[in-house]
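Next up: a single chain in structure tokens, the form predicted on its own.
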């Protein structure tokens, strides 16, 4: 009996953690895994959802989107939009973090700037899209200021021109996303021991040398982690682009998220939309695995 009780007790201890986790695992399975598996299944079916008994299509829908020039254009736009956003998020976030961490700025002014710099983070994507549509419309504030100082000679339709639409949307996303880097890097800066900078001062190091050889190496784990996360999140941005341009004009701001949405809800081609969604999923999973491996290596 003693052995049976011990084995029963060990079994209860082994099973108990999974019982505590079971509600969360059930919710994750219903809200994430089940839709994911369903979309993957749809990508291999003809007339998925639209027919009661869809036939097996193999890789036909993947071949169809890979043969579609709009898909490749949307992939390029996604990469441009994402890479430029991450680069400028990091650059602006680093600049503002260094400014807010500087002892040369009055503490009261520093607190005011901290509130102002973090404001874009408080707005939802819909509000940001509406704000920048108003600012960048032909009769908006931006055109008025640029015309007054002589940078442009006539009104520019920032979101309606194929030459400027992608850059305008990217600029709006840069403005909306830099606070994440600023807050993270500011926390990292405040964790760097001051002894490093004092030793550098004794050695006669200049400000840019301290930045290159002390600050950036100390912040590198934060920079890489936040950059990878920002890349994954930015690649899936939908509301900002959909509300400002809808993927136009002439597909000039079409990204993978809007391309997939149009296939599903404009063309009602749910099978190809599912194939496109699976491609996005694979790209995101690849980046996520890279991020996890980097975190484990640390």
Partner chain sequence: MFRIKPAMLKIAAAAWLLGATGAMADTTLEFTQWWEPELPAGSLRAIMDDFEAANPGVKVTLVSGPYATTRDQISVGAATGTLSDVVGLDGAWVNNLNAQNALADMNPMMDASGFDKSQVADIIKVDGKAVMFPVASFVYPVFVNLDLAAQAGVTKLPSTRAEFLEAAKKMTKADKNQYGWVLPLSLQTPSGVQNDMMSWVWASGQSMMANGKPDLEGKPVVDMLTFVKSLNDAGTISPGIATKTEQEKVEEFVNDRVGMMIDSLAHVNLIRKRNPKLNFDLIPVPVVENYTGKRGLPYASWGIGISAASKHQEEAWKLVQYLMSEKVNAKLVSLANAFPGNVNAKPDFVTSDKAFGKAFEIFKTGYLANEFTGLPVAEDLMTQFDVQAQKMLAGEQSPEQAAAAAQKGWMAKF
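Keep in mind that this is a model prediction, so the values were computed, not measured. Positions refer to the first chain, counted from 1.
What comes next is about the form predicted in complex with the partner chain, which is not displayed.
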Residue-level question: is residue 266 within 4.5 Å of the partner chain in the predicted bound form, judged on heavy atoms? yes
>> residue 181 versus the partner chain, in the predicted bound form: is there a non-hydrogen atom within 4.5 Å?
In response: no
Exercise: residue 148 in contact with the partner chain in the predicted bound form, heavy atom 4.5 Å:
no
Would you check, heavy atoms only and a 4.5 Å threshold, whether residue 114 touches the partner chain in the predicted bound form?
no
From 50, 30, 41, 59: within 4.5 Å of the partner chain in the predicted bound form by heavy atoms is 50
Note: exactly one of 110, 155, 210, 167 sits with a heavy atom within 4.5 Å of the partner chain in the predicted bound form, namely 155
In contact with the partner chain in the predicted bound form (heavy atoms, 4.5 Å), from 71 to 79, 155 to 163, 87 to 95, 188 to 196, is stretch 155 to 163
Across 228 to 254, the residues having a non-hydrogen atom within 4.5 Å of the partner chain in the predicted bound form turn out to be 242, 243, 244, 245, 246, 247, 248, 249, 250, 251
